[in-house]
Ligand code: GEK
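Take a look at this single chain, the form predicted alone, given in structure tokens.
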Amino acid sequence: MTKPRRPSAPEQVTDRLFATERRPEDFRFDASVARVFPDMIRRSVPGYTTIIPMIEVITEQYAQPGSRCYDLGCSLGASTLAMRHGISQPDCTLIGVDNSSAMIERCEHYIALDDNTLPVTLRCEDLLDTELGNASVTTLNFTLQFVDPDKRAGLLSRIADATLPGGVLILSEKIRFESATEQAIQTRLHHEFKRANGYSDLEISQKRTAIEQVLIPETLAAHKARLLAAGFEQVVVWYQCFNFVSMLAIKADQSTE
């Protein structure tokens, strides 16, 4: 059986939001960011174009019949669509959640262009308030880093409690390093990645200033410890490029214990 045709790539409007001198203000996922988001994230996050198709592969392996799959912080729906194409089990429900109405509006557009017939429910709400349950696969793709650090443990505990035995959480994050030397090296390499993708020193500097108060990275060790404390049995780093990682947190499968 031939798989449904994938949707065409989101329109690539060039990100020039920080190309001119501007008054410093906190980064927001508003309409201006939503418009350029595909270009922004491709040129800013090393490995993003690898992580998205691998979310499909992971979803295919872990989605369970009759379960729910969540994309928390779905933005324009790249992870949502990857999960949609990875779900082959019957009677699955796919839910995307984002608190930005501008993102949800564009996400609806891209989902409508997709030929896969699995229904997708989109919720414009705070993921800290969204109802979770009967989950086999949940994705937090560069989302947790924007959640208040004091509320991260509670969110992950809720996700773990909602996850079925054998289910997983895919967690992608920008991280920081305990070693100041390694932090400096990885930051420099990340900035060189941005320069190689056409960002100027002004754009890099201004975006860093705008985002540093809202994107608060943590160490890999802190992430692993919190996931284990939340109730996941195993945490595996399946991808890393510079200071960006993606982890797989696995809920114990009681049938194999």
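The numbering used is simple: start at 1 and walk along the sequence shown. Note that the structure is predicted; figures quoted are calculated from it, not measured.
Absent from the display: the form predicted in complex with this ligand. The rest refers to it.
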All of Q64, T138 and A160 within 4.5 Å of this ligand in the predicted complex, heavy atom check: no
Which of 181-189, 84-92, 68-76, 161-169 sits within 4.5 Å of this ligand in the predicted complex, heavy atom basis: 68-76
Touches this ligand in the predicted complex: F177 (any heavy atom, 4.5 Å): no
Contact of Y48 with this ligand in the predicted complex (heavy atom, 4.5 Å): yes
D115: touches this ligand in the predicted complex, heavy atom cutoff 4.5 angstroms: no
is_contact(I41, this ligand) in the predicted complex, heavy atom dist at most 4.5 Å: yes
Of C107, V120, L127, L156, the one that lies within 4.5 Å of this ligand in the predicted complex (heavy atoms): L127
Residue among V36, A210, I52, A230 with a heavy atom within 4.5 Å of this ligand in the predicted complex: I52
